[in-house]
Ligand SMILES: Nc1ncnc2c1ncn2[C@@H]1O[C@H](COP(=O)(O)OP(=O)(O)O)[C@@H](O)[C@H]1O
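Only one chain is included here, represented as structure tokens and corresponding to the form predicted alone.
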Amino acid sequence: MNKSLEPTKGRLAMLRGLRPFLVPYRKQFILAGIALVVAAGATLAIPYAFKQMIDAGFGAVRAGDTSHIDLYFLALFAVACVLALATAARFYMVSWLGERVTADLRSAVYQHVVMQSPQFFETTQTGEVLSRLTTDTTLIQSLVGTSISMALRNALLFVGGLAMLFVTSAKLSSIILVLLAAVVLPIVIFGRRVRKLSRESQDRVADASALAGEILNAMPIVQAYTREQQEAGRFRSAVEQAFRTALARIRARSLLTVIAILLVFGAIVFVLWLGAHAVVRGDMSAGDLGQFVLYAAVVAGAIGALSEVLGEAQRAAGAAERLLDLLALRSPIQPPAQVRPLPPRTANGAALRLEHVTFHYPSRPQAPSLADLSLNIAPGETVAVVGPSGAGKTTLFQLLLRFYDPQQGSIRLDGIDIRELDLHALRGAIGIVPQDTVIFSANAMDNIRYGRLDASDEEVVAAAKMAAAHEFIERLPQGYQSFLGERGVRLSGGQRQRIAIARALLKNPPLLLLDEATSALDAESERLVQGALEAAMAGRTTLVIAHRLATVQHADRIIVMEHGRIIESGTHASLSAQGGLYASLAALQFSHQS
């Protein structure tokens, strides 16, 4: 589990963190509160109505007067009608609040997650985040839509019932109050145990979800290595671990329920036994005892329900804790306090300058990926970046996009430090074709239009033609409307890469980053795309990462990186003549091709 998402607090007070999501709906809470008070009042009126019916109604019948008994029953039915309407109104309002607050919370968490830097996604499993968006928010929905209402309702019934018990018989009520006080201690002790187990149970479910997400995203490899049974076994073990943890929570809650009910009702039965003897002695009327019995039942039921709600609240507190921990995370990449605008775009593209840039990944602080790197790229220049794996080429692109900030040095786009630019403005000025192509579960038209959402169909088709993608898209069953499958599974690797190139070309940025943009293409497609890219490079600055040197021979300049430093710079001809690292790589590749 990601350490940054571990709990920082362990109290029900964590639920206070949900207040920003509840405050916008004050009106609905007030309406629900009114319905709640009316329903509780009607419930508390029923025992009093029974007392009147027993003492006055049946007493009048014994005296030969039957004119009032119908009135008492009508009054009792009227109270039941009020109770029914108020309960229905309360249920509707709190259910609406539960759904509304949960929807807002899910949206807020997802929006917050997508704003995090790549550092967050390198250390957090996707399945864990999805578990928080689904399982944890469902617990919050139960809390807001049911538990809070039940807690307030039963708290009102408890307070009101207890007050009416004292009105009916102060002596018996004092005894029952002392006995109930002795019940609270074991409930509190076991409640803490339930909360701890609830948190552990939710963590185990998140672990199982994370494992499932990881494996489902790697099914071709799993099946290629025939590891289906092994992965199914791993998931089964994770599910069983979650089940065992949940079982421990269920046992604790069951024990809590048993203790609460036995102690509460044991105390009430004892007091009622005393009340029965009081009636026999003539100290109480039958109606008083009936009223006391019903109010005692109301109080006991309220305590039992509150113990149940406490268990739900403990689980919801764990869920709120996890969600609020996630919302409390702050990306290390923050927009500047004072934003500087980019100058107007020129016909040649953007100027780029790196000054003494040093960077190491947070997970590897002792090993710099870039070390005192300086580079000046003129507008419209095409610069190829070559070197062995681990030289820092991809890291350079990540810094240009400001996925990370360098520990030392600065990067300037058109003379402005990129840390002074709005993140969207910076990234809007950069187009990238990554080595690992991303295709969304949509049609071909929408996948290309992702580069510029306001592009017309004609512009999308033009970009596809430039990327040599138009021909194979036209051959798809529904052409540009063809669904490409999750992660583009219906396309070959080369086709996916041409879709990505078309997307970047449609964006039409002043700075274009190509990370092995033709690595997944066959010879014919590479020839077509290479020609398209050369045309697309006109009027913009381009950086190209390439392992196949044949694709960058015609670059304006080639820089050779090793261990995060630039060790050579020049054209293909000049570098080949120097006899350095580039010459060695070129000799190896071109002799192999020959």
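Every value quoted in this text rests on a predicted model; they were computed, and no experiment measured them. The first residue of the shown sequence is 1; numbering continues from there.
FYI, the form predicted in complex with this ligand isn't displayed, but the following is about it.
- With the partner left out here, this ligand still marks one of 361-369, 440-448, 292-300, 469-477 in the model of the complex; by a 4.5 Å heavy atom cut-off that stretch is 361-369.
- Taking the partner from the other structure, this ligand in the model of the complex has a heavy atom within 4.5 Å of a heavy atom of T394.
- In the model of the complex, this ligand sits within 4.5 Å of a heavy atom of S389.
- Contact check for W96: every heavy atom lies farther than 4.5 Å from this ligand in the model of the complex.
- Not displayed here, this ligand is kept clear of F120 by more than 4.5 Å at the level of heavy atoms in the model of the complex.
- Listed residues Y72, Y404, F91, F158 were compared with this ligand in the model of the complex; Y404 is the one with a heavy atom within 4.5 Å.
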